[in-house]
Every structure is written in C-alpha cells, then in structure tokens.
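Let's start with one chain on its own, the form predicted alone, as structure tokens.
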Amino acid sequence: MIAETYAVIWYLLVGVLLAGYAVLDGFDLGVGGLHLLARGDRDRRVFLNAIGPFWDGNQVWLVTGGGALFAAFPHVYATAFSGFYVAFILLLFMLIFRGVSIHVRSLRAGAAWRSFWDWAFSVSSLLASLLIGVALGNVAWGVPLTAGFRYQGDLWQQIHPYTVLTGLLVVAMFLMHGAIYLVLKTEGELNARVRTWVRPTIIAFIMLYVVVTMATLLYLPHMADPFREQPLLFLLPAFSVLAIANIPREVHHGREFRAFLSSAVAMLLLLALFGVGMFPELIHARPDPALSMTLHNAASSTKTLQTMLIMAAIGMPLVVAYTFHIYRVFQGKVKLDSMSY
C-alpha cells in the first residue's frame, strides 16, 4: 500500500511538472508560431523580447519533468525515449533551432539574415508544438508493446489521424496562449493588431477540442472510464469550458492578465482531463491493453521514490521561486533598448 501511495504521488508530480512546462513554455511556443504575422523588424523584435527573459527558464520545467520521469518510472522513460527516438530527436532539434534563432537573429542587420532566422524561429516553434501533441496522442491511443515493455514500431506508425488531431490541438492551444500573452506584453498599434488574433485562435482551439473529444470518446473508451466511475469528475470539462469562455470577455474589458490566467487555467484543466483519463496508465498498449505501462508495473522501488520525494521537496520550491522572481522582475510592457534582441 505504501509503494502504491508513493507511485501515485509521483504520477501527480510528473504531471504537475509537465503541465507547468506546457503552460510556461506554451506561450513562448505560441509567440513563435505567430512571429511571422508581425509587420516589420521592430514588431518582430518586440515579440522576441516579450519571451526573451523567460524561454530558457521555462524549459527547465521540461528537463525537470524528464528527470522525474526517469527516476520515478524508468521503464516508461526507457520505452518512450527508445520507441519515440526519432520524434524526440526532431523535437530536440526544433527546440535548439528556437534558442539559436532568438540569440543570433538580431546580430546582423541584413534583411536576408533576419528573414532566415525569423522563419527558423516560427517553423521550429510550430513543429515543436505539433510533435508534443503527436506524442501525447500516441500515449493515449496506444503503441505496440511486448511483455518486456519493448516498443515494436516506427515513426510512421506514430503518425495517424488521431495523433495528427492531437498535434493540431496543441498547436492551436499554444497559439491561443501566445496571442493572449502578446496582448499582455505589447502596446499601441501593435497591441490593437494582436488583440484581433485572440478570437481566431480561440475558435480554432475550441473546434479542435470538440473534434478530439469526440474522437477520444469514439475510439478510446478507456479514457472515459474514470469519468463514468466518478461522475464528479465531469466538473473538469465544465470548468474548462468556462475558463475558455472567460478569455475573450477579459480581453474585451482590457484585463489582459486575467485573460492570460484564464488561458493558463484552461490548459491546466485540459491536461488534467488527459491525466485523469489515462490513470493509472502512463503508456497505453495496443492491441493488448494488458501490456500497458502503469504506475503499478513501471515504478521504481519504494526506497527510490521516497528518496526522490525528499529531493523534490527541496528542489521544487527553488524552481517555483525562481520562476516567480523572474516573471516579477520582467513584468510589464516590452520596451526595446540597446540590450534588446
């Protein structure tokens, strides 16, 4: 019973870390996806500097989440990173390209130089978002596993209509989050133009949300089992819809920060729906669900989970404190100066 309790705690902690990454890095991936819509060099520099102080710190949450997954559920880590090796390498290259683009884009004044890195920044942001969504779709849909947790498949088997839909859903979600963040960080004519992007991104997100939900209920009945067993959980999608509906209302009334919080809450609730639907599985097996990787058969030893929990109790407050501090220091509208990107 003690071992199961620790496994559940780490299931939640890994989920919290990955959700934190989605919310924090989601807006700068969204800003990257919207980057090419900016008119002129100055507006694009505003976009880069809106995320400049935060993007690398946001990725700490991904690294921490991956480390927690490795320590708490090593079999899942090994299977996921070997089975999805090509996809994860592509994701890594996209994240590297984004970082390089941000740093070198303004080092030269040439139009061709800056245009190349603008495209690299935007395309890598969109592809990274798509790959994250495709990975989540595969985890839910199920992958071919053997009795030894060995993955039997390739990249092309990971790309099918359901995973493409989940990938597009994540892209739309990040674009919505990024557009709202830009409303928060810009001013003047640029702010007025960015505001017009919020509604289309919300509409795209809602349409894909509905389509993916219908596809999930039709083809992945195991994701709905926890909700049938505990009807109180239906409050999660209800609150998610309310959070999404509140976003345009807050933007209309000029309450950009509240709109951004509503977007973050909507994302967290969507990821909570995913986590509840998967519980207690970490990777669903198809065609034989009995081979699925769960918190019961893929967790580390109780001693390891106990030790890691002590380390998490020390380290996580530091990560949260750093994140809070950096956002507090760089709050407010973007102002370009000689030190800007």
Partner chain sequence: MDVVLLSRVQFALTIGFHYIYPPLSIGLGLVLVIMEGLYLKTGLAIYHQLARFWVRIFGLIFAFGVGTGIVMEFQFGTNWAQYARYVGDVFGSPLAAEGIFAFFLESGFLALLLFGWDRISKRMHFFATCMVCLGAHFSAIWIIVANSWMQTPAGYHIVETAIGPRAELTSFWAAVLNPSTLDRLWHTVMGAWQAGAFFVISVGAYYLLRRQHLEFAKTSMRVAFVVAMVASLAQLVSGHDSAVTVAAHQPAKLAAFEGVYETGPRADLTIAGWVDETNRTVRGVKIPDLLSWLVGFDAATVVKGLNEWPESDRPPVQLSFQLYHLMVAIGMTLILLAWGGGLLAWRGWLFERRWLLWIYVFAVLLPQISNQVGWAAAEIGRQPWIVYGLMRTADGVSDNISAGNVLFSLILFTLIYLALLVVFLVLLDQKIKHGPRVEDMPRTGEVVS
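Numbering follows the first chain given and starts at 1. Keep in mind it's a predicted model, so treat the numbers as computed, not measured.
Another form exists, predicted in complex with the partner chain; not displayed. Remarks below refer to it.
- Under a 4.5 angstroms non-hydrogen atom cutoff, the partner chain in the predicted complex has residue 95 among its neighbouring residues.
- Contact check for residue 107: a non-hydrogen atom falls within 4.5 Å of the partner chain in the predicted complex.
- Although the partner is absent here, residue 60 lies within 4.5 Å of the partner chain in the predicted complex, judged by heavy atoms.
- For residue 316, a non-hydrogen atom is located within 4.5 Å of the partner chain in the predicted complex, even though that partner is not displayed.
- Partner contact region in the predicted complex: 73-81, out of 73-81, 134-142, 187-195, 267-275, criterion any non-hydrogen atom within 4.5 Å of the partner chain.
- With the partner removed from view, the residue among 228, 160, 150, 249 that has a non-hydrogen atom within 4.5 Å of the partner chain in the predicted complex turns out to be 150.
- Of the candidates 34, 283, 312, 295, 312 is the one whose heavy atoms come within 4.5 Å of the partner chain in the predicted complex; the others do not.
- Annotation: in the predicted complex, residues 119, 121 and 324 none come within 4.5 Å of the partner chain through any heavy atom.
- Interface residues of 286-305, taken as those with a heavy atom within 4.5 Å of the partner chain in the predicted complex (partner not displayed): 297, 299, 300, 301, 303, 304, in sequence order.
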